[in-house]
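Take a look at this single chain in structure tokens; it is the form predicted on its own.
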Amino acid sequence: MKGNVELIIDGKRLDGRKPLEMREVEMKVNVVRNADGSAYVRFGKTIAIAAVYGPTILLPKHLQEDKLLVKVRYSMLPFSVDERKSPGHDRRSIELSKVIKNALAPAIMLDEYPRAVLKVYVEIIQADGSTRVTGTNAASLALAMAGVPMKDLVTACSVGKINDTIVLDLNGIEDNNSQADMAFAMMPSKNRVTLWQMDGQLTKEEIKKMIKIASDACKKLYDMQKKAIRGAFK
């Protein structure tokens, strides 16, 4: 049963981190040569690569809208997990594609490209928990590198509760055995939340605390995103 595994011993998580400590984070841009924009983001052992193509004219014409159509495809490669995953777009991939799209959409200036389509691909090449937020960070960076007009970057992280303790940035074993977990994304300069997805039972005070922890973490990730983008133009 979730929550019954001993994941914090003497104040330390199984990977040696303190409860509110993130894993090592790495961000790179321009990693896919033929994409209009691309990025690599790593949270510990979880690695996501995002590639953006477009905007281009949407065909056939009857599908065109007065604003930009954003298509997001999230997928996990078969070798990304310990037990080989079946290739193809499964139910979970479809769900997380929609989650990431909804997290990014508020930041994109959709009215700038009527009758056009923007395609965003998020590939998880190694999975150890928190894949949707890792993918969201990568997709946000890829959009910026593609020159897509945005109100702000989108940054994302996970927060959870294990062994009655609030923790930041859940890894795989924590994700699978948490009492509660939350995927959180925001536009830091606007202080606007774009994703808040929660599973499990929490008190009102715990929810408030987790949102504050996630917001502070996202602001640190925001600085890392900006540093990665500036580094590409030096």
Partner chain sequence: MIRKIVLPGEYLEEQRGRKLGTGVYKEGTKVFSAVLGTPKISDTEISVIPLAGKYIPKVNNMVIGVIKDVEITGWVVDINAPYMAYLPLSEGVKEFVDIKKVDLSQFYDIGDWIYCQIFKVPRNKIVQLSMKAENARKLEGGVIVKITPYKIPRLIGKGGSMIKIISEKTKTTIIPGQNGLVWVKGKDVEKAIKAIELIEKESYIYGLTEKVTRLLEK
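Being a predicted model, the structure only gives us computed values, none of them experimental. Numbering follows the first chain given and starts at 1.
There is also a form predicted together with its partner chain; it is not shown, and the following applies to it.
- Heavy atoms of H62 never reach within 4.5 Å of its partner chain in the predicted complex, leaving it off the interface.
- Contact check for I229: a heavy atom falls within 4.5 Å of its partner chain in the predicted complex.
- When its partner chain is considered in the predicted complex, D152 lines it closely, a heavy atom lying within 4.5 Å.
- In the predicted complex, its partner chain lies within 4.5 Å of some heavy atom of Y113.
- With respect to its partner chain in the predicted complex, the three residues I57, A144 and K190 uniformly fall within 4.5 angstroms at the level of their nearest heavy atom.
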